[in-house]
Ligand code: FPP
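The chain below stands alone, shown as structure tokens; this is the form predicted on its own.
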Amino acid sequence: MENESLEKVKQQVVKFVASCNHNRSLELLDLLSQGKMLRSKLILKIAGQTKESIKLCAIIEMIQSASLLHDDVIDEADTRRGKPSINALFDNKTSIMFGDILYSKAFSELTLMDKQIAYTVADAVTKLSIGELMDVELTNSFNSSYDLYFEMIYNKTASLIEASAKAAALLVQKDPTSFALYGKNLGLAFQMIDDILDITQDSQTLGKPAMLDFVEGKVTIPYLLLYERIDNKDKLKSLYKKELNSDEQLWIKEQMVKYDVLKDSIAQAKQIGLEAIEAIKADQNSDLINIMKQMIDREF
């Protein structure tokens, strides 16, 4: 049933893009790699499958795809989910402009929806863009601020998931505040766990070099905790944005074990997840509880 609903979302995206009367956009859309469609799954679990909920999902998916097209240019990424990225297949200009087409078409369709839903999603896209800019700027120097880290991951990752959950609740007259909190915490926990897995999993499992975040200048939650607790702060900072050899990677991992960094990072992410489950307890939606539990009860 879920797969059928997600297929309808994909078909709706194609319809929206086809209505632009621009064949090149349809060709590029066909080359985009499909993700897990987490935001659509969330909307459908909250609002069920209706004509309006499918349209909302399609709008969110187009926004998410647009942000990733821009992301790949910023990160100079050659692949996206195992497939060649649009910027690698063609060039940065194509990736940026196709992203703009998806953004603007999504906003055009959004204007036809309920005003409160439209504002909720549009406001999240502003936050998303701010988060992208913060992410870029935070790689310029070693960031030791928890507040900046959480502000960045909220804007860049959690804000659109929060908006998806809130908009879905508004669509079916459920409590938007509770579902917004669930979505926000789902997004925060998702990003924190992704940041932890960058350290705990090997390159083959990740599909990218392990411990790449620190090399790229991203001081994520485990590094923030380590920097706060470690005696040899200078050594840790000396490895920042450096191609790490196996001994240096091992040293960082050993320090993280010594100072209980990974254990406490996982505990923080789980606590945020449990707060999300508590927020929607009254709705008794076992699917949403399972989505969060599957995320926080992972092998690290």
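Residues carry their position along the shown sequence, with the first being 1. In this text the structure is predicted, and so the values were computed from the model without any measurement.
Form predicted in complex with this ligand: not shown, discussed below.
Student: For this ligand, considered in the model of the complex: do all three of H70, R80 and E132 come within 4.5 Å of it, counting heavy atoms only?
Tutor: Yes, the whole trio is in contact, each within 4.5 Å by some heavy atom.
Student: With this ligand left out of view, choose which of N143, S178, T200, T157 has a non-hydrogen atom within 4.5 angstroms of it in the model of the complex.
Tutor: None of the other options qualify; the answer is T157.
Student: Only one of K105, K184, K174, K218 has a non-hydrogen atom within 4.5 angstroms of this ligand in the model of the complex; which is it?
Tutor: So the residue touching this ligand in the model of the complex, by this definition, is K218.
Student: Evaluate L170 for contact with this ligand in the model of the complex, applying a 4.5 angstroms cut-off between non-hydrogen atoms, and reply yes or no.
Tutor: Looking in the model of the complex, residue contacts with this ligand do not include L170, since no heavy atom lies within 4.5 Å.
Student: Find out whether any non-hydrogen atom of A66 is located within 4.5 angstroms of this ligand in the model of the complex, and reply yes or no.
Tutor: Yes, contact at 4.5 Å.
Student: Using the partner position in the model of the complex, report whether D75 sits within 4.5 Å of this ligand, counting heavy atoms only.
Tutor: Close contact exists here: in the model of the complex, D75 approaches this ligand to within 4.5 Å, heavy atoms only.
Student: Would you check, heavy atoms only and a 4.5 Å threshold, whether V125 touches this ligand in the model of the complex?
Tutor: Yes.
Student: Determine which one of 109 to 117, 84 to 92, 226 to 234, 132 to 140 lies within 4.5 Å of this ligand in the model of the complex, judging by heavy atom distances; exactly one does.
Tutor: One stretch meets the cut-off, namely 132 to 140.
Student: From first to last in sequence, which residues of 256 to 273 have any non-hydrogen atom within 4.5 angstroms of this ligand in the model of the complex?
Tutor: Stretch hits: zero.
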